[in-house]
Each structure stands twice: as C-alpha cells, then as structure tokens.
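Given as structure tokens, the chain that follows is alone and in the form predicted alone.
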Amino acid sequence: MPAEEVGVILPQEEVEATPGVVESGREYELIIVGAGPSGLTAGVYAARKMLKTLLISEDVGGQILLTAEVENYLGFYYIEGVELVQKFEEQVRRHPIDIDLGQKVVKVEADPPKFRVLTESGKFFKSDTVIIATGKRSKQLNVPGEREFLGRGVSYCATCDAPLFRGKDVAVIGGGNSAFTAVNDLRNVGATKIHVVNILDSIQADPILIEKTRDPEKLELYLGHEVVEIGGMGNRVGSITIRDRKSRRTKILEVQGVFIEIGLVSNSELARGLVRMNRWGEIVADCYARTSVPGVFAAGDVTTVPEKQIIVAAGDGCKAALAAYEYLLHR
C-alpha cells in the first residue's frame, strides 16, 4: 500500500489522537462505526497497521457504562465500568486516527468502489472498508406511561439511577442477569421494597446472582406477569399495573421507580438492506468478522457472536481490524 495513502506513524509516546470536528466528505481506508470495546479495540489495531482510519460514534463506552462492576476482564480483578472505558479511550487517543464523537451514523451504504457513511447531522464520509461496531440498546416495554415518565421514575440503568431510590419502593421488570443485577444495586443503596415482575414463569438469572440478591423481606416476585401500564403521581411514577398472564387478573403496585431490564436490541438499523441479518436484527458475521458484503465487517454485540461479553467484543474488534487490513492488502 503506497505510503502516501496510509501516512506515517510517529512513535507512540509522541502521538495523541483527540476527538474533534472532522470535515464532511473525507475519504478513508477504514471507517469504524461505534466506540464500545469492539470499536475502540479496532481503532488501536487499525492504527498499528497504519490504516487511514476514522472512528465515529455518538458516544464512548456503550453498554459498559451501564455496568457498575467488572470482575471478568483479564488484567483487572475488579474495575468499575466507567473506569475501564476511560482506560480504553486513553489508549485509543494515543494513536493517530481521526475521532469524531457526538455523531450518530444513520446509514452505511455501498458507493462502488467505496462505501458511504452518513450521519444524522448531514455529514458523510467515504471509505474502502467499514467496521460496524454499534452494539445494542435496551428494549422497551411499549406500554402507556413508559415514555411519559422516562427520567421521572422510569429508568433503563440501575447503575446510573439506583442511588436516587434510597428508601423508596421500586419495580424491576425482567428475570435475567441484568434484572437481578439491578435488584442487587437497589438493595445496596437501600431501596425499601423491590418488586420483580417477569413475564415468564421462571427466573433466568445465574444461580449465584439469584442467591446474592435473596432477601425475603425486601424482595417480592411476580412470575408469569406482564406490565400493563405505568401510572403517575403528579409528574413522577406512582404505580404500575401488572396482569397475571394465566388468570388475566390485574394488580396495582405502588412504586416510585421502575427499572426496565428485559434485554437488548441490536443497533443495526444503519446497515439494513446492506448486509445479511438474522431475525433478531443481529448482523451475520463469520469468525473473521466478515459480513455478507466484501469490505464490510462487523464486531461485538451487534453481531451474531454468541456471548455478549466485554472481552469477546474486544477480541471481535481486533479480528475485524486485522481482517479489514488483509482485505485491503489483497483485493
């Protein structure tokens, strides 16, 4: 690859990339969309391969920011999610790649022989290759009151908002690990009563997490129940109405907070119509992070990778960047 296309890498200690305004219309060898573990790792490996790279994202960190404690990332026996993101970002900024934050990418499309990346603000960029690493977002209940009371008692992030509900009654919706992690956070900050409402008849969380949150005095389970409505008291949450899926009987629970932890949905809309996806909207990628379209790679939680873990996403980002380099080298 000609040197004038890829630029010159300075010694690492002399380089520090900083996010800033990147002019619309620029062309790159690689554009990485997303700045979670997979996107940030891809940025480091792309820089080490001396690719002219743009890392573009609406924010930095992704789902890690919703994780209070990380105890399974090698090198750290224990680290807070926010701190781990900071360390990732600091390392990426030491490499000479363009970084454009605060930009929501709305579409990635083929523009032969390149690809075009378009943002909500009207910017566009062209690239020979693209890595989609946009992760996932929280699912919504889509019931009356959910949108109206968002930020006024309705939350999708116990890590962020649990401390606001000390001494209050709350409801946690869901029965998986994220739901019981929320239960644990709420217990630790001193919530008075925690109602767990799960649409299924059983709990799906890991046994160790269930045991950790066991508290007959504070915890009340409603299995096989669905949320019908989130009600208000003034301009804040005051209750939820739940319904037994078998008997169809309803019950009103007086709560001041509702934490919705029912899973995640892939942020893959930007590639709809471009690459193959499964029925859940996850981008189908092989073990080399290759999608159905040559030159487009995908990494992390947005893909069909079976385990949604920080270390898996980071490894995916590495593979995607190396695969993009190989593609450029041999095309």
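Residue numbers here begin at 1 and follow the sequence given. For clarity, every value in this text was computed on a predicted model and none was experimentally measured.
Another form exists, predicted together with a small molecule; not displayed. Remarks below refer to it.
Contact with the small molecule in the predicted bound form, defined as a heavy atom within 4.5 Å, is made by none of G43, T129 and C318. Although the partner is absent here, T67 lies within 4.5 Å of the small molecule in the predicted bound form, judged by heavy atoms. In the predicted bound form, S178 approaches the small molecule with a heavy atom inside 4.5 Å.
Taking non-hydrogen atoms only, N198 never approaches the small molecule to within 4.5 angstroms in the predicted bound form. Contact check for S57: a heavy atom falls within 4.5 Å of the small molecule in the predicted bound form. Residue heavy atoms within 4.5 Å of the small molecule in the predicted bound form occur in exactly one stretch of 274-282, 22-30, 289-297, 35-43, and that stretch is 35-43. With the partner removed from view, the residue among R116, R243, K104, K193 that has a non-hydrogen atom within 4.5 Å of the small molecule in the predicted bound form turns out to be K104. Contact with the small molecule in the predicted bound form, judged by any heavy atom within 4.5 Å, is made by just one of S121, N72, Q140, T250: N72.
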